[in-house]
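Just the one chain here, laid out as structure tokens, in the form predicted on its own.
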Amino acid sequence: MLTFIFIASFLRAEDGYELWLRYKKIDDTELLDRYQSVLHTVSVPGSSSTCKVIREELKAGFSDMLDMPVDFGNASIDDGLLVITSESSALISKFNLSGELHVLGSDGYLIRTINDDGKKLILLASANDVGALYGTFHFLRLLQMHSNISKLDISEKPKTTHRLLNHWDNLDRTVERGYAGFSIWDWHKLPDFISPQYKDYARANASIGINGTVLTNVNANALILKEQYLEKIAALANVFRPYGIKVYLTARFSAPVEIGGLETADPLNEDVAEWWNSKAEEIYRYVPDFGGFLVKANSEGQPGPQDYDRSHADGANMLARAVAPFGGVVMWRAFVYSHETPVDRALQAYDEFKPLDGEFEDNVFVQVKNGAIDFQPREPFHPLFGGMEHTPLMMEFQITQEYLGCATHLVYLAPLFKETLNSDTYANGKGSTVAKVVDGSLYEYEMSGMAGVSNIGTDRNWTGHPFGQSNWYAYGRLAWDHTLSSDEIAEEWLKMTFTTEMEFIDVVKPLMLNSRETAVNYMTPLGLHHQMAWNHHWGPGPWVNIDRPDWTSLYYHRADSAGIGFDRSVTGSNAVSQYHPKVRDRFNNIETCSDEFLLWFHHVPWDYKMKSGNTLWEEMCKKYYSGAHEASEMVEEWETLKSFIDARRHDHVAQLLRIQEKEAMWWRNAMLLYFQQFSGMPIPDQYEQPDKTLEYYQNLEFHFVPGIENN
């Protein structure tokens, strides 16, 4: 008997694999009765593969949450849920929906409670089957959150047309900057073995509106373009297609030389252009709805058009013309810089791309990171947003936590994403937010998009840290609708992933919402940036000093006896002048520059009086100590929640929070001891003094840190 109890308990344990798609049985009998009385009949007319997926999802959700079988009746139902898809033209006419559905577009949907000749129906309608699938996940989300469904009137359409994950996965299944195991793409077994995880991956992405996936690393391998791999890619595309997800590939610019037998990859060479045209035709034979190419060129040693004295526009346009006949796009990354260029690294992308505005083909995105350096815990918005009126810009966010503890730290990234999206560029007057650039509304781009660098791997819970799932979820929700708040996204995710109990939500939601600021405080407060250890980017390294200056911490903090910070004012590198004058003037003036970006734009004396009344040194100490203290408080708060969720996931998070607490103190001590050499000032007595020396921290060595190829 004891053995049986143990086994049953083990089987009930949750490991996070279900993500936010846990269709947990509703225990509230009154709520359950209300749902069952409304939803006892379901009709999903249509024979497409997507309609089949809709039926599967509704069946799983109703069976698990409502403990009721689903009767997929015909279109003439007395009451219940009626899903109207593109195959249901008669029903669209009957309910006079054609005008509304046209406005909502192919991905949009409506969910509405109506009375039809005395019959109470919930209509879920879209002009496209995939839109109906998005609506299905929305409706199931309402049930998961125990929402009132008695009077529904919901109309949704995505803010952006292209909503992509960028996998930095290599063909050997390592993942650059991946902290959740190896790549989920098992290239060796494809195309003959289709892992069930591929379908679950598609379900998860479709549930939050993601409609594209770039399968391979931006540091590309040309082999992915060979026939052997195209067969494998086609197999994945077949799994993803019913879920509205297109596959994209990274294109190595030198592929015509490496696998094509040509002597050059010059984009203006006719043979090179013809090679890419033929390659595009071949890809589309395997994958008729192939999305297009993502390209990293002339950056960090990657080949590109500048190798042949050609511009980024020359390279992008050649590829764009190859995929244009098939409806494909090219996403050309603006993450370009060179240590051989003797100017501030933050200037270089703008300097290279701004002069090319208007020179790109219509099916080219320039894909721009949220900030001008590299996915730092905090950066001001990239000046290219609002700087390219004639070129669609695709936002690139990083979901994987390369500079935020390598997925051992709980850092909810929606506030970071929102901070960038809500920033006002003033490019077309007040209110010209980055979000309006990205969604195409500011300059009336026909296509718009966001890309998120994936944090997904083979770990059973997908993302390594259970709360890493919230960042995948938040990215997808904001790519769909950037007006959603960090607060409401967090509450959705918590209710679906853990529990609807408000005693749990009221503790964990503030913890999540504050976690990004906590991490900034114990890592890089007041505008400090790029202070991480060399290569693996895990842990502090303000002393890093190698032969390449723009990869060193010293290059960015510039600490000396006079002060600290990178002078990007008009008397420094003049990076402020890449922004609109309203933004430039605010950043340029040390008195009006916000504390959060102070050391990003100014070299500030150690005794400078901050707005708080503290000196700069005192304020730095306060930030570092408050960040570490907040990390400790997260441990304590989580410990109070054992009774609300399963022991397995509670313990997993608890152990990671203790790692975060320890590493926050490591950051605090190492950073302050290092900068104290220059400030010449003591750490105030009210703070616990570091128990190790600076030399101790400088001599720490680490090997085989996840997320890099060589340690």
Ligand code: BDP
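The structure presented is a predicted model; accordingly, all values stated were derived computationally and were not measured. Don't overthink the numbering: it's just position in the shown sequence, from 1.
As for the form predicted together with ligand BDP, it is not shown, yet the points below apply to it.
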> Which of these stretches, 114 to 122, 312 to 320, 136 to 144, 399 to 407, has heavy atoms within 4.5 Å of ligand BDP in the predicted bound form?
Replying inline: 399 to 407
> Can you pick the one in 487, 300, 186, 71 that has a heavy atom within 4.5 Å of ligand BDP in the predicted bound form?
Replying inline: 300
> Since exactly one of 162, 167, 557, 369 fits, which has a heavy atom within 4.5 Å of ligand BDP in the predicted bound form?
Replying inline: 369
> Any of the heavy atoms of residue 603 lying within 4.5 Å of ligand BDP in the predicted bound form?
Replying inline: no
> Hey, in the predicted bound form, does residue 374 get a heavy atom within 4.5 angstroms of ligand BDP?
Replying inline: yes
>> Is it the case that residue 480, even though its partner is missing from this view, gets within 4.5 Å of ligand BDP in the predicted bound form, heavy atoms only?
In response: no
>> How about residue 333 - does it come within 4.5 Å of ligand BDP in the predicted bound form, if we only consider non-hydrogen atoms?
In response: yes
> If you look in the predicted bound form, which residues in 163 to 182 sit within 4.5 Å of ligand BDP (heavy atoms)?
Replying inline: 168, 176, 177
